[in-house]
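Presented as structure tokens, the chain that follows is alone, the form predicted on its own.
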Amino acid sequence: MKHIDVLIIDDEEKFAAMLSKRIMLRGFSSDICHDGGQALEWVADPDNRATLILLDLQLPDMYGTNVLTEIKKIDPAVPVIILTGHGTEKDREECSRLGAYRFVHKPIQIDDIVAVLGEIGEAKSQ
């Protein structure tokens, strides 16, 4: 099976750690960034390749749509799921326009992440 790495970008440290642990229990690897600047450095590093990015909208240093815009400039093909506890329909529309793969309200279920990874794998094999 191809190496799968999920990048979690979320400032809620306990949530990110729990989600990372659950992802790793499913046999995937996971990295965590707690703000937009750190995440953009991670994505820009050629040694890092995410199969899927989980991006919170509410980050301490920048809004998630700005992070999404910059991620897509660096790696247009990477699927990004927007995670939010407070996102609006306007946020959903903007994220879709910017290329988000999905827009999901927290909490996200680990089975939903695994299903998306399966969808991504199928799309890449076609």
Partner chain sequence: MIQQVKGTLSQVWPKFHRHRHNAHLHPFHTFNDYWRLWTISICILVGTALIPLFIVTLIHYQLIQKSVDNELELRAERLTATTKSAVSFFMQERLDALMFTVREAGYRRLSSHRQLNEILMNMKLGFGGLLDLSVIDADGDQIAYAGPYNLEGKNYANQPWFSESLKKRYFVSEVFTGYREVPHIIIAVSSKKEDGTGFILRATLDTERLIQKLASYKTGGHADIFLVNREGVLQTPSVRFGPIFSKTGLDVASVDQHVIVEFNATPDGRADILFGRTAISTNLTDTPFVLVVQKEKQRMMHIWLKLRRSINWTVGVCVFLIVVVVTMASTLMANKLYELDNAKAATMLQMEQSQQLASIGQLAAGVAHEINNPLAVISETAGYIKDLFEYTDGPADRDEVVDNIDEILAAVSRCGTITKQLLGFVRRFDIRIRKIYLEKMVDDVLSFHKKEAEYKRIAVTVSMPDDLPPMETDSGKLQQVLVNLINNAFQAVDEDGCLTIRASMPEKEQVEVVIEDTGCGIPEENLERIQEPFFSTKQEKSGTGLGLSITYSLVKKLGGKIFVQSTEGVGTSFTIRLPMKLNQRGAA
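Residue numbers count along the first chain shown, from 1. The structure displayed is predicted, hence computed values, not measured ones.
One more form of this protein should be noted, the form predicted together with its partner chain, which is absent from this view; the next part is about it.
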property: Per-stretch contact check against its partner chain in the model of the complex, the hit in 92-100, 74-82, 22-30, 42-50 (non-hydrogen atom, 4.5 angstroms); result: 22-30
property: Contact at Ile4, Leu55 and Gly118 by its partner chain in the model of the complex, all three, heavy atom at most 4.5 Å; result: no
property: Close approach of Val104 to its partner chain in the model of the complex, 4.5 Å, heavy atom; result: no
property: Non-hydrogen atom contact Leu68 with its partner chain in the model of the complex at 4.5 angstroms; result: no
property: In the model of the complex: members of 46-76 within 4.5 Å of its partner chain, any heavy atom; result: Gln58, Leu59, Pro60, Asp61
